[in-house]
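Shown below, as structure tokens, is a lone chain in the form predicted alone; questions about how it binds or moves come after it.
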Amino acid sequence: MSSGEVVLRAESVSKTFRAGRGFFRGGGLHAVSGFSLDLVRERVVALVGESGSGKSTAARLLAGLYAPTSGAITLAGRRVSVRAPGARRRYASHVQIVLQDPFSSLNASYSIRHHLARPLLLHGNAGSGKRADVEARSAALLEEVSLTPGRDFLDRYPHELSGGQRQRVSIARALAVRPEVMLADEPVSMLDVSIRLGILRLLGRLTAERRLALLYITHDIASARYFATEIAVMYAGEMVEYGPSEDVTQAPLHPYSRLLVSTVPDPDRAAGRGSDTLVRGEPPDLTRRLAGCTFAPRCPFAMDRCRQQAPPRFEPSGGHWVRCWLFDEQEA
């Protein structure tokens, strides 16, 4: 596929987790509802929202770790199903996920050599398969993520590495299968502030060099502006705003997006030359769906219509859309 083509697509994907079993079976937790997103080659999309908004569930749906309750996920135009024998491994050769916690995503019982050799051998990317060939390719992967010289790290164990080095090993392991899509789920949130920028720059370089489609999941909208091409804002399992990163961060449309932007330190706001979006109430109960907008109970601009009817998409400017009744022309 050429640059700019959609590699992975989610179409109206929903995921509901059922509570209890048998006689004790209760209602469901609606973790993701109507999620639609395109991941494009050589482009970074950021998925932003507070804890519990459904970001990580969406990533696991895209990674094939969860089966959607409804909707479809397509890879290069073909619908994805990982239930057939061998399908999960075939899908993993195209789509890889880098998890948030580098301290638990690597098995402490095995060396770095094992963590890289295993995916190379399982996915047929080990060349001849001989020890020397596997070692050379493993070392090259480590050097690609700036762990040099690579051979010096092969016989180390995860506990001998720093958090940033472990996350680089996790990224190298994902690259071993030669994926087309990488899903980075909060890849820097557990790292020291001083090394976060280096990891983001690494992911940006790999996106260009490997021609990846990258999904960057974060609660930090400031880093999303720096790193991503587009930003999708998620609240209570639903996407409420989507657009170019500069537009979403500099001129947010949805009240929730404005709230996220207001949490970023700003000298003007600290000096009293700006104002934050007021918010009230608590995050929603995902075990029951509201009739209207999910953000209405916390929104300072909520109208009766917001509580009765869920808003559709409104697109005030090209490529930048929002789900909010404030942008209904008839309402205006």
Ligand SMILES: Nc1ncnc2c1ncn2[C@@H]1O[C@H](COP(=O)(O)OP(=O)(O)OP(=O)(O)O)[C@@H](O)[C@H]1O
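Just so you know, these numbers come straight off a predicted model, no measurement behind them. The first residue of the sequence shown is number 1, and the count goes up from there.
Keep in mind that the form predicted in complex with the ligand is not shown, yet the notes after this line are about it.
Although the partner is absent from this view, D247 stays clear of the ligand in the model of the complex, with no non-hydrogen atom inside 4.5 angstroms. In the model of the complex, the ligand sits beyond 4.5 Å of every heavy atom of S36. Among residues of the shown chain, T263 is not one whose heavy atoms approach the ligand to within 4.5 Å in the model of the complex. Mapping the unseen interface onto this chain, S51 counts among the residues with a heavy atom inside 4.5 Å of the ligand in the model of the complex. Site residues Y110, Y157 and V169 are none of them in contact with the ligand in the model of the complex, judged by any heavy atom within 4.5 Å. Here is the short version: of H219, R210, R151, H114, the single residue with a heavy atom within 4.5 Å of the ligand in the model of the complex is H219. A single residue from the set L290, A302, L286, V40 has any heavy atom within 4.5 angstroms of the ligand in the model of the complex; that residue is L286. With contact defined as any non-hydrogen atom lying within 4.5 angstroms of the ligand in the model of the complex, the contacting residues in 54 to 76 are G54, K55, S56, T57, Y66, given in sequence order.
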